[in-house]
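Just one chain is shown here, as structure tokens, and it is the form predicted on its own.
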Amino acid sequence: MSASAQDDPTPPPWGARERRSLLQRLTSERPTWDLVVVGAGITGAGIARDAALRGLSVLVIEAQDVAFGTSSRSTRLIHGGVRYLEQREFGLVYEALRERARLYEAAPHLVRPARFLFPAYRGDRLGPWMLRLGLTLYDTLNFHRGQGHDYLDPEATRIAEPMLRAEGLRGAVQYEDAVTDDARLTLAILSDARRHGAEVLTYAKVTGIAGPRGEHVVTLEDGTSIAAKVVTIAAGPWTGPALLGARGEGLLSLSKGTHIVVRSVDAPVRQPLVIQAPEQRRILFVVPWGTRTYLGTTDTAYEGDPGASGVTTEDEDEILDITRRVLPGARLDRDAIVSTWSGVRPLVRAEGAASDDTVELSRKHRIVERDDGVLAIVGGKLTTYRAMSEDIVDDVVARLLVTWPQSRPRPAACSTHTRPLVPGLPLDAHELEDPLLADLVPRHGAAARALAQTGRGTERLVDDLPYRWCEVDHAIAHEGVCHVIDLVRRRLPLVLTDRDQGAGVVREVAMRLVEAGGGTQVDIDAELERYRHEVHVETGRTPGVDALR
């Protein structure tokens, strides 16, 4: 990749042609990669970017889409983890706060600071003085960067958030954390990895990893064999015995988190709220999201396919009940729900732990090694993906250096803590007065300029949502979209924000995608059926796609 291409904020082409070219290369040239990464969630993306920036040849293999699992189903927060202080996870909180500060610099369009309000009511497990003590420690671990926390008495709390129930209110703390678009953040990381030479193959399931240390062979479901000097597994909740063998037995506890989306007019909160669940050691968030507000999450033990966790009526009722307790004036009934999502978090079981309660399990990560040298990284959290990636790539480089050829430049040091995810000058306030740019920047950053200048497809897909038709064509050409659901769920979250889950536009999206790939009407019908199925599995809703908007 040339230096000028690396400085271009527009991601490199990544469509049907690039996929065919990569598949041809894998079968005809049969290259040996320095590193093969199994999994294209945020950790796999971070590993690929770090390794590519150091000069390694990297291939990422993913069974589904980019960010298909946990990395598109989180609570969409970049945070230090206030509640981890109670578990005395001071090192984890320090690391997360440090990484949050770095993400402010690396991806300001995707990681945006916000003032969170954490109220305390009579009967809540954590009262005002405990919250003040915890946030004082939080600010200290953050070295007092940014704006520190404030204590608000009941009157000031209600002024800050009039929606809060007045009865029993004892006060609140207000503090800084950040909101993000988890799927877009993962995509931005992976796109920058490709900008620096990494390759990515999605919808390619790994069925086996064999061979001795330094000479691994990864086998795909279609029989393709891929040679690698080192293999790292970053498959999130899928990191079990199928990939790790005996080392994967009992390694993880899976925790299901559920979220529901309502219109902002039905829950018009002014800032993100943190709500204590009655008689439980967990919290829920209520987060403004443009013309929507989302509520969550649950935290329940889960068994089964991590990609099919789904949302039950019991999940919805629990979130609505807890939220109504503190927002009595909000319209929070079943009819108000626009959409839902759920995801499974992979939590590392502590050896000899007395409890398997997912609320209590640590969010620290762990590197595991098979007897043949295959590495896996498990656990961790969205916010600390970069540090996790650096940790394992350091190990990969140390292994490669043992036999590193003198003819190749030695791998560089890690530089992900200093580089932006999207190069180019950020847009100024004057540019953001343009409604089109204002819609595009939160997803594309500096690349929004070029996207807006195409002069085509500037209309919104849905009137009250900020997604534009030019983004559909851009995603097909530059964002690795293989299926319609990739686009309307993870590139643009229509499935989560549109009451019809994007059904009014999905046929046109399918036509554009299939035309770009050289398909037929049969392929369009297959895409619509896949879309219906995946939306139903995740949200419990079955969208119709017979009418176009």
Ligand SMILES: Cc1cc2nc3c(=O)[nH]c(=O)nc-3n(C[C@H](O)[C@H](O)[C@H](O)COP(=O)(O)OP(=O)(O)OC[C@H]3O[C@@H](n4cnc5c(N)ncnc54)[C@H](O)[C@@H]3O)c2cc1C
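On a predicted model such as this, the values are computed, not experimentally measured, just so you know. Residue indices: 1-based, along the sequence shown.
Keep in mind the form predicted together with the named molecule is missing from the figure; the text below concerns it.
**Asked** Only one of 31-39, 478-486, 516-524, 503-511 gets a heavy atom within 4.5 Å of the named molecule in the predicted bound form; which is it?
**Response** Flagged stretch: 31-39.
**Request:** Could you check which residue among Thr75, Gln87, Asn142, Thr458 gets a heavy atom within 4.5 Å of the named molecule in the predicted bound form?
**Result:** Contact check passes for Thr75.
**Prompt:** the named molecule isn't shown here, but in the predicted bound form which of Thr383, Ser389, Thr232, Thr293 has a heavy atom within 4.5 Å of it?
**Reply:** None of the other options qualify; the answer is Thr383.
**Request:** Give a yes or no for Gly257: in the predicted bound form, does one of its heavy atoms lie within 4.5 Å of a heavy atom belonging to the named molecule?
**Result:** The answer is yes: Gly257 has a heavy atom within 4.5 Å of the named molecule.
**4.5 angstroms heavy atom contact with the named molecule in the predicted bound form for Trp238** = Trp238 belongs to the contact set for the named molecule.
**Request:** Consider Glu62 of the chain shown here, and say whether it contacts the named molecule in the predicted bound form, taking contact as heavy atoms within 4.5 Å.
**Result:** Yes, Glu62 sits close enough to the named molecule in the predicted bound form that at least one of its heavy atoms falls within 4.5 Å.
**Contact flag, Pro128 vs the named molecule in the predicted bound form, heavy atom cut 4.5 Å** = Answer no; every heavy atom of Pro128 is more than 4.5 Å from the named molecule in the predicted bound form.
**Request:** Sequence order please: the residues of 193-207 with a heavy atom within 4.5 Å of the named molecule in the predicted bound form.
**Result:** Residues within 4.5 Å: Ala204, Lys205, Val206.
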